[in-house]
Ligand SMILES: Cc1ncc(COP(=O)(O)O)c(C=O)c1O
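First, one chain by itself: the form predicted on its own, in structure tokens.
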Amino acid sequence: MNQKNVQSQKQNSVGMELFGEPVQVFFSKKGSARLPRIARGEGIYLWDKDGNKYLDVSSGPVANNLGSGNKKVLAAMNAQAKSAAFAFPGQFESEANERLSNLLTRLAGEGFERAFFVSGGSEAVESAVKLARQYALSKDQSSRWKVISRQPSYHGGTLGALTLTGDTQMHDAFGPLLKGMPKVRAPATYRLPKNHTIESFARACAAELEDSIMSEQAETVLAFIMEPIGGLASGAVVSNAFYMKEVRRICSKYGVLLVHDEVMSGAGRTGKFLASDHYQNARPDIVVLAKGIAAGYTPMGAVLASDHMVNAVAAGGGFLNGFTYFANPLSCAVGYAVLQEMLDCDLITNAAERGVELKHALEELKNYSNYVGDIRGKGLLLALELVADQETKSPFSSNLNVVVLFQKLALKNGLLIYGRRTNYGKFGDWLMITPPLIITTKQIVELKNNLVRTLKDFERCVPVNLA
């Protein structure tokens, strides 16, 4: 640590700690070790103020698809900021908004002719639910209001999105503030219930959705929201093809809108523009995007829906939803530049091809450590699950937060990893292996070698924590 940082911390220790501290004080106990301070980024690497270099294994929280310092995106940002950084959509149309809408809906394809832009995934999820509700009202179906989601799942941190999120830990904290919504099991593929295969459990989970719709009374169910390929809540679980097709059939049968949360899986990360493109006869009614569509260069989320749905809502008086910064010109210009760069550099193909290489490299880690359990995902949306025993698939004790330990050890080896555990660790502990879509074969080798070193450090530390 350099002398300037040391002096700053000395000053803080004598009474200045309540003023101007970084946001991390909201998450850490007083006296906790400080995180590195960011200095700059270039490509898939970041440097701290002390000159230490880090490979961004997880694209931050699975967001920074293009890496840092993309010149075309920065030029678009600068040009739009100079002309008009902000103009409220209630007062002006925006060329940047229209260009992004046209490009995004073209990439998404038929059935997604309209795009509504907000500032992130949580806002997008809530906007999707509001759109679904107003569409139901336009069809004189005012009884429809329940949104079924899955356990486990994650759909955002705002109160409306938390209602849909399947995480008992979050609901224990905020439950009194939330409107209870039905939950059904998500079709896990690694640690299966007794007497189940991946296929049979997928069938059971689909049947559970239909049972839930009927038990709730179908005419009260508005929508079912799910991630086609999981994010943080499941650690990149890839949905079974039968399950996806059956979910679509069930929703259509009962007039329930199907919403795909592609906040993490969308924007090319899985080797297709939408993760749902990997499946036949499974297309949703509404898609939620965020993160990758602006790649960390600006906060952005989007709701995609059909022309028919949006026209019906508009004819009924218009969408009763909006935020101060929705569809702002600066963010739209950045989003357009990000998606255009993704196309110009053929990064969707790179995600598919490098994803195969990376998954193979991660599978090889099982030869280096018995603590490496499942490797799952598609394209560059991958996860590595840490287990106490490889053979029995037993997770670590819920009293241990092994993800945090691994992240700290990885940091010392020059790796930035975003790990996760939900539901008090009931479903395990995993690391999101989701580098920027620009990663090369050579960088995958570098990533693997540093993970091997980190796993060896982890093995030395874990017995102490288990004692």
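When you see a residue number, it is the position in the sequence shown, counting from 1. In this text the structure is predicted, and so the values were computed from the model without any measurement.
Keep in mind that the form predicted together with the named molecule is not shown, yet the notes after this line are about it.
Evaluate Y135 for contact with the named molecule in the model of the complex, applying a 4.5 angstroms cut-off between non-hydrogen atoms, and reply yes or no.
-> Y135: no, not in contact with the named molecule in the model of the complex.
G121: heavy atom within 4.5 Å of the named molecule in the model of the complex?
-> Yes, contact at 4.5 Å.
Is there any non-hydrogen atom of G156 lying within 4.5 Å of the named molecule in the model of the complex?
-> Result yes; G156 sits at the interface with the named molecule in the model of the complex.
Examine V338 and determine whether its closest non-hydrogen atom to the named molecule in the model of the complex is within 4.5 angstroms.
-> No, no contact at 4.5 Å.
Which one, 244-252, 185-193, 121-129, 321-329, holds residues whose non-hydrogen atoms are within 4.5 Å of the named molecule in the model of the complex?
-> In the other structure, the partner sits against 121-129.
Pick from V263, A96, A223, I286: which residue has any heavy atom within 4.5 angstroms of the named molecule in the model of the complex?
-> Going through each option in turn, the one that passes is V263.
Counting only heavy atoms, which residues in 284-308 are within 4.5 Å of the named molecule in the model of the complex?
-> Read in sequence order, the lone residue that approaches the named molecule (within 4.5 Å, in the model of the complex) is K291.
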